[in-house]
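Just the one chain here, laid out as structure tokens, in the form predicted alone.
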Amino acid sequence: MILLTDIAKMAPDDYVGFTFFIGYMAMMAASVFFFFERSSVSGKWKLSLLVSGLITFIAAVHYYYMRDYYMAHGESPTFFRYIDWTLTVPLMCVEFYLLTKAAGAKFGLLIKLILASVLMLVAGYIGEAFNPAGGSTSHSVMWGVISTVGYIYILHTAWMGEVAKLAEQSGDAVVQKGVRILAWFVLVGWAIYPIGYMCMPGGWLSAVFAPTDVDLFYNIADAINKIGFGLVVYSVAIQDSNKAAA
């Protein structure tokens, strides 16, 4: 656990440590917001906001432990970060399913999205955590390519595949806009993760950033992506609920 003396020792220019603290507080605050706002939306959207709250709450708990690890060791908390992603990224995929469920999304779509996200994360973890000492480029590239397969599948599904088609078929402009914004999150917001992966030892960009420097971008991207996903879902839920009540 972090002591006040540890915080006092943190250098004023330790922006990585700063973003671990900010990430923890931002995720926790977002969780409280999403849980409380469930009462403001119609019944069909309550599960979506519950999932949004769970995503940020799980992330907040892991950021609490990640900041402790970073303060104690000054190293990137790779293990804790991948545990967080393995729980929260599939839940983010669940949001796509819930948004398009009314348009006929089948449970099989949810399974495919979850499997793709797990493939992406497990392959990424093997490529990063089990890379031989000093960093093997062949190891990094092989597992990075496997991980990218899962990412490309989710990206394709959100932009041109089943999720995009279901959103179009729904005829609901609010849902269509929400799905498109979430698709942009996957395309732009999630892009930081493969870039960070390539900055690790053995990666093509390993000479650009140190692993702890990459944490700065990971922390910012996590907050934007997880909280942003939830806010998009909240916006769709509020607009649809208000329309139904009018």
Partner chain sequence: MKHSTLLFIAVFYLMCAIMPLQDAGFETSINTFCLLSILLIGIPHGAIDNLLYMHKNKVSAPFFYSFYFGIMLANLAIWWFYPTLAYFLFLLVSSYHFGQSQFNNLYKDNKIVAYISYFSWGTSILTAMVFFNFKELNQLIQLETDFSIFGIFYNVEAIQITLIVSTTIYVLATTIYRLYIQRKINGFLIEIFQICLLFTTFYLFNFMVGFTIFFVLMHATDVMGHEYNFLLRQKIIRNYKHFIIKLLPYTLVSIVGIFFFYGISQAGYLNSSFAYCMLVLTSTITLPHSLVMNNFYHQS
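Positions refer to the first chain, counted from 1. A quick note: this is a predicted structure, and the numbers were derived from the prediction, not measured.
Omitted from view is the form predicted together with the partner chain, to which the following refers.
Stretch 159-167 is the answer when you ask which of 84-92, 122-130, 159-167, 101-109 has residues with heavy atoms within 4.5 Å of the partner chain in the model of the complex. Checked against the partner chain in the model of the complex, the residues 204, 217, 33, 209 give one hit for a heavy atom within 4.5 Å, which is 204.
Heavy atoms of residue 47 never reach within 4.5 Å of the partner chain in the model of the complex, leaving it off the interface. Within this chain, residue 145 lines the site of the partner chain in the model of the complex, having a heavy atom no more than 4.5 Å away. Though the partner is left out of this view, residue 72 does not reach within 4.5 Å of the partner chain in the model of the complex, counting heavy atoms only.
Contact check for residue 57: no non-hydrogen atom falls within 4.5 Å of the partner chain in the model of the complex. Contact annotation for 156-189: residues with any non-hydrogen atom within 4.5 angstroms of the partner chain in the model of the complex are 156, 159, 160, 180, 184, 187, 188, listed in sequence order.
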